[in-house]
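Below sits a lone chain in structure tokens, taken as the form predicted alone.
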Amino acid sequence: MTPKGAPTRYLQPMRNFVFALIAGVTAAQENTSGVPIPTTPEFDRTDPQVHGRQLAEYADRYDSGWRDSYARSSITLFDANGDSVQRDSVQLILEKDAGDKSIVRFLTPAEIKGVAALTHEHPDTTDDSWLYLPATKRVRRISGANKTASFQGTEFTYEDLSNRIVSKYEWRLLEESELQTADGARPVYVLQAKPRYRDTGYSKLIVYLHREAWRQERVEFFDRAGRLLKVLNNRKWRHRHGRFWRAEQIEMTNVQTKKRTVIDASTQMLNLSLYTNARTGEPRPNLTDKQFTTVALTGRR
């Protein structure tokens, strides 16, 4: 992620109620996160490139301040015929001004249990990625060229495991529109994002950004030849702590191979210190940098 701007004010109860209705939430939710919503700036609408960049930057600031997250999920891989296999995983993310850190670890099935990927994001340089394979008990660094490869047979690549840092793309606002979803129409900004970094599998992305909730409803990925390759849909949104939007279902569909990967979160926690330990009743500790090292990737302390 890019360096965060300092939020300036708390969401008032009435605005909270109106915002919840606009975003499709049935009841008002109080902002209990302790993180205020940043003031919406006056956007420069004269230049679609400047406007697009400003929208992307504000969306990034809007989703800043959550500190860390934990998610337990099932991952279902569908082939072109609709046949599927299921895996279970856990993901940890540490929010950092200089780029987030994350670990994804498979819990089942037995043949891939313990396989894990570690990512350190950087706003100005290539992200660092490592893969741990329990069978060899070795940590392997993922080189730039290999980041376009599939992550353990899913429709996500190692490149997709990184957050889309604003400064690494050239942005352009294409239009304001409505996106039709299974839950109804969503008011969106349609943004084009062209990667500025090397070793990418994409020529451009089309991002559908919710105009009030500032969340990414859909992302379309185009291959290096400019053809539509994959479509990412975020669904089953939850308003965590009345402040941050998180999708409980993520689906990545490869339109060229007809394969798809669906991630369903059974547990989501955002800012672990806001939750209590069920055994002790004490607040949970937040994650630290020590949990995002290559040693931690192997499961050793």
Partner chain sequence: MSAHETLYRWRWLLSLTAVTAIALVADAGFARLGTFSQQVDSLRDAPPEVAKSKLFDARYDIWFDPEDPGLLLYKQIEDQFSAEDFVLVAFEETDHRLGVFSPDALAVIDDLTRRIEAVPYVRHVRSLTSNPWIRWEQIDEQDEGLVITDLFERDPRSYAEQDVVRRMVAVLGAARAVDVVGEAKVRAAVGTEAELSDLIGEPRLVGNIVAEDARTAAIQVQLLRPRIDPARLRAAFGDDARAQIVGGSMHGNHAQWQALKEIREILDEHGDGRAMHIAGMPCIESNFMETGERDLGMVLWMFAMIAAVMTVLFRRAVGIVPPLAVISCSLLGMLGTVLLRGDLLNNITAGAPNMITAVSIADAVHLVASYFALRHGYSDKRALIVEVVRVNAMPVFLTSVTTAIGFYSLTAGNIIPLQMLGYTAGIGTLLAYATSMTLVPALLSLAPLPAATKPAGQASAVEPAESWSARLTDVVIRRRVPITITSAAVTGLALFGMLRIELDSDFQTMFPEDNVAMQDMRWIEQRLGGSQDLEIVFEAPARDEPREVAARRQLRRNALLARKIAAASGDAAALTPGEQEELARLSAAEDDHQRRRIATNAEFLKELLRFTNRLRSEMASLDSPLRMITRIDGALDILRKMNQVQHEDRAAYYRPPTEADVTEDARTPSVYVDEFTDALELVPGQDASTLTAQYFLQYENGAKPAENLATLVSIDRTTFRLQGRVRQGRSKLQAAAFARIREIAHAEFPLLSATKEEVDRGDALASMTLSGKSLLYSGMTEKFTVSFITSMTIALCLIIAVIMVIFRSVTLGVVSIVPNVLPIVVPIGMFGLLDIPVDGPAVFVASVALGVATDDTIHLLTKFTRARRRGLNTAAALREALHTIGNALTFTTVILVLGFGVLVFSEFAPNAMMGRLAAVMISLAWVADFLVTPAILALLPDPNAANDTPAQATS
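Bear in mind the structure is a predicted one, so any value in this text is a computation, not a measurement. Residue numbers count along the first chain shown, from 1. Think of the rigid core as the biggest set of C-alphas that the two forms share within 1.5 Å after superposition.
Below: the form predicted in complex with its partner chain, not depicted.
Taking Val262, Ala59, Leu272, Ala247 one by one, only a single residue has any non-hydrogen atom within 4.5 Å of its partner chain in the predicted complex, and it is Leu272. Screening Ala185, Ala149, Ala98, Leu174 for any heavy atom within 4.5 Å of its partner chain in the predicted complex leaves a single hit, Ala149.
With its partner chain left out of view, the stretch that reaches within 4.5 Å of it through heavy atoms in the predicted complex is, among 186-194, 133-141, 166-174, 209-217, 133-141.
Residue contact with its partner chain in the predicted complex: Thr108 places a heavy atom within 4.5 Å of it. Taking the partner from the other structure, its partner chain in the predicted complex has a heavy atom within 4.5 Å of a heavy atom of Gly153. Residue contact with its partner chain in the predicted complex: Gln180 places no heavy atom within 4.5 Å of it. Although the partner is absent here, Thr157 sits close enough that one of its heavy atoms falls within 4.5 Å of its partner chain in the predicted complex.
Taken together, the three residues Arg67, Leu94 and Thr293 lack any non-hydrogen atom within 4.5 angstroms of its partner chain in the predicted complex.
Of the residues in 62-92, those that come within 4.5 Å of its partner chain in the predicted complex through at least one heavy atom are, in sequence order, Tyr70, Arg72, Thr76, Leu77, Phe78, Asp79, Ala80, Asn81, Asp83, Ser84, Val85, Gln86, Arg87, Leu92. Once the rigid core is overlaid between the shown form and the other one, Glu217 does not reach a Cα shift of 2 Å, moving by less than that. If you fit the rigid core between the shown form and the other one, you'll see the Cα of Leu131 move by 2 angstroms or more.
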